[in-house]
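Starting off, we have a lone chain in the form predicted alone, written out as structure tokens.
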């Protein structure tokens, strides 16, 4: 069953009456296994953007789970969304990654947009439901972790901002209908909602990469890109503050994706260990393999508890900077360890395409870098603790 007992137990721990949520998630798990998982290997090997999967996900209502009903969301608790995202990642990490990015951008609009922007982008343009797709553009060639040093400029001219600069390592901007983009104005770093069809918004370079091959990692050139003044998100000069809030949500969703990837790798390794024989016995009978399996499942469950706790605190309106950061750090590094052990259990076959194990490791590797590298997250956690 795709909706595993461990996830169900966590939901029952968080909610006194989890029956309705477990039914929803059980159905979501069946959907992910039936409709999303079959194409995951092909998406990776042929580097196909998972557009068809995302259309199915939108129709299933998964993207809409955490957002208010007034924007055509479902208004369900945030941990339900995290559980659904975990199952999507287990089925196809490429599909789950776009859902994560979509959720980040929508959360930014929900938190900092004005009434008109929330109605226009979340509801009318269908971002909350997934009828339109979003991208997030912060990183530049000069700076990744040091976002305060971005150089892209936005100059106010009449009723428009004119944007010039370069963004890099941006996930699937060509496929996005709208991009939440950060640029420097007279008052400091600000955030803008930019249509992907805007003149002067140019996706000029695709960067080959190790994993998440269903998404094109791209460089974007802004050449006198004209953005209406009313598409400034929030206030001028507060973009970096907004980005930090948005990334808190993003780190929880990235943690969920890491858990889903690890769960997929673990289940494949568990099954293989039972079927594979060596020296007259199933390799699952050998202590060294059992040790790996024990470490894998323990790490997955520990990460799940940390992540769902952060999601629960967010649902209650708490400050989750430290909890979200811890969840992202622990879960992504756990996923890398679990996927590495899964390859080792498969032996030589783990290094080949046939068993589709190294895909999980390649995908997990990105998660220790995106949305804050593990090194930066450790500094942040320590800083918050010392404060």
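None of these values were measured; they are calculated from a predicted model. Positions refer to the first chain, counted from 1.
One more form of this protein should be noted, the form predicted together with a small molecule, which is absent from this view; the next part is about it.
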* Indicate whether the small molecule has at least one heavy atom within 4.5 Å of a heavy atom of residue 145 in the predicted bound form. => yes
* Is residue 217 one of the residues lying within 4.5 Å of the small molecule in the predicted bound form, judged by heavy atom distances? -> yes
* Contact test in the predicted bound form: residue 375 vs the small molecule, heavy atoms, 4.5 Å -> yes
* Is residue 313 a contact residue for the small molecule in the predicted bound form, using a 4.5 Å heavy atom cut-off? -> no
* Asked: Ok, 137, 303, 193, 105: which has a heavy atom sitting within 4.5 Å of the small molecule in the predicted bound form?
  -> 137
* Among the candidate residues 76, 162, 169, 203, which is the single one with a non-hydrogen atom no more than 4.5 Å from the small molecule in the predicted bound form? -> 169
* To do: Tell me, please, which stretch of 263-271, 235-243, 77-85, 170-178 lies within 4.5 angstroms of the small molecule in the predicted bound form when heavy atoms are compared?
  => 170-178
